[in-house]
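Given as structure tokens, the chain that follows is alone and in the form predicted alone.
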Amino acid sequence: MLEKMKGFSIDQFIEEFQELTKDPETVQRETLKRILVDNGEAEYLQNLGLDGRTDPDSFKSCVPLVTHEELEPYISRIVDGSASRVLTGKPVTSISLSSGTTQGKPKFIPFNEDLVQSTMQIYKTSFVFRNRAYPLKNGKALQFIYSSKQFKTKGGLTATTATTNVYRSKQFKGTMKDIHSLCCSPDEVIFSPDYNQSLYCHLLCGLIYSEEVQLVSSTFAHSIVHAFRTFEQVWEELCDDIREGVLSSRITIPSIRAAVSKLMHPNPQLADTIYNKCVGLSGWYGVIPELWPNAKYVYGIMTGSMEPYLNKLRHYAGSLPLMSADYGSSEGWIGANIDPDVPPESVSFTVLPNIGFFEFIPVKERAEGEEKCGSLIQCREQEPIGLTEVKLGEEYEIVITTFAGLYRYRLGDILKVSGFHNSTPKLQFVRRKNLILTINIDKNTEKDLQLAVEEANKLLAAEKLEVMDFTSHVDVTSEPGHYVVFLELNGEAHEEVLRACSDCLDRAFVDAGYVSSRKVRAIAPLELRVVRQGTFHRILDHYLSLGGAMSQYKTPRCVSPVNGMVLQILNGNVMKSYFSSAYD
């Protein structure tokens, strides 16, 4: 397959990648020069006094560090159709929308063909190393990928999710044909306006081609877990469709019915095989290799907010390896996973030094006597350093400069340098920078919340229960305020177990500010609220109704007042509530 990719071989591609990573400092200087030359006429850069200079020192001295909030006025002008070259020299071809789960609304981000090119380079790079370890041979892929709704901005630009912008491009379709097995599902399923109908058809098409599937993937681990939780509910209906050769009446969109129906014919033998395999499974363990016996691995983004889904994903995958996809964001890509055998919890991403200009703000462990912030604090703001100046084992906040008009943009991710490929750093995702739970002097991150829920999940596992999903909230409607943790479970737990879970959650937040505040009652006892099954599915439906895409969805881990509708859904589905007695 790869030998056909734009006329060069897998060995040639690896050789070029090795050269790229041997002298990243030179590559970074050249990349920054290209960005500034291409965008030198942009109003934003013109006003900062670069005067045509393209060296890193001049760039850093003239261009400030920014967040998305500071760029919003410029992006708004682009969205509204400004005729000026606001942020880029080349035209902005469309607008990407972030998932919106953190801020309560999507961010608008400029998108152009340069971002498509960097996406394709990331995809090709990781595929080359993946395919060397787990070769795919002329098969198909069961890919749970979904587009999102699109709309026209005031200025006439198409606005949609970053993934959909990529899926729409000719480069994506050409590259996927070269580097991936063909997707089982026709385009009509991927670009469906109804993700529930898309998901059903993805599963059906995957079963029709069950012997040919070599890869099961989605953008995020959550999407794969969600797909197989759905499969548990609809598998018998899928068998009926295959047996009769007639698509379920639940599929009402004519274009999807027509496209999928072309793949179908009565196949009672396949239906019986699938039925018997499903009946024979114990708790759906290993359903993926059982139904798709030629699958080599399961692939998707599995770091950060996706880690809580890994246990369930391993349950469905059985003996198949889980492989984490590459590292990036709606704003742009950063690194590729070139170590396919490393488990997702330990995966590192090798920076591609030619797809953007990268800087790193040091984040240091607290010195003696300094206040703790989660497990780490950022001491007084230090100057960003370059890609080749980072040190092994140190943590940094990453700053990106892209070809699409983001200059010295603080992405908000904290990363650790875990090693080097040749002279290029390999980065591990640690956490998001923003503090999601804080009332007094307490400062707990998404990672701290995840670890707390994992501790509570151990108590539930002893009762053969599991946390299906979770989120949190800071309740300051009474004095003092307190943490609220919402859990959706896969069954009913005994009262004493849930009370023990509330105590466990409370004690699991080990931040010194939280512990001391709890002891002096400056923070009230943590509250565990158990919600009905399906609550987090309703939250997903809510975000998708706002124009998001299933393939880009991430459960919000802290629900603030700006997420009023989400908080309403959660509180409207609470079945039981328990306050911790951990510090009584």
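So that there is no doubt, residue numbering starts at 1 and follows the sequence shown. Here the structure is a predicted model, which is why all the values come from computation and not from measurement.
In what follows, reference is made to the form predicted together with adenosine monophosphate, a form of this protein that is not presented.
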Answer option from 98, 112, 401, 192, heavy atom within 4.5 Å of adenosine monophosphate in the model of the complex: 98
Residue among 509, 309, 74, 429 with a heavy atom within 4.5 Å of adenosine monophosphate in the model of the complex: 429
In the model of the complex, residue 554 touching adenosine monophosphate (heavy atom, 4.5 Å): yes
Adenosine monophosphate contact in the model of the complex: residue 121, any heavy atom under 4.5 Å: no
Adenosine monophosphate contact at residue 340 in the model of the complex, heavy atom, 4.5 Å: no
In the model of the complex, residue 438 touching adenosine monophosphate (heavy atom, 4.5 Å): no
Which of 249-257, 192-200, 356-364, 319-327 sits within 4.5 Å of adenosine monophosphate in the model of the complex, heavy atom basis: 319-327
4.5 Å heavy atom contact with adenosine monophosphate in the model of the complex for all of 220, 304 and 349: yes
Residues in 394-416 close to adenosine monophosphate in the model of the complex, defined by a heavy atom within 4.5 Å, in order: 411, 413
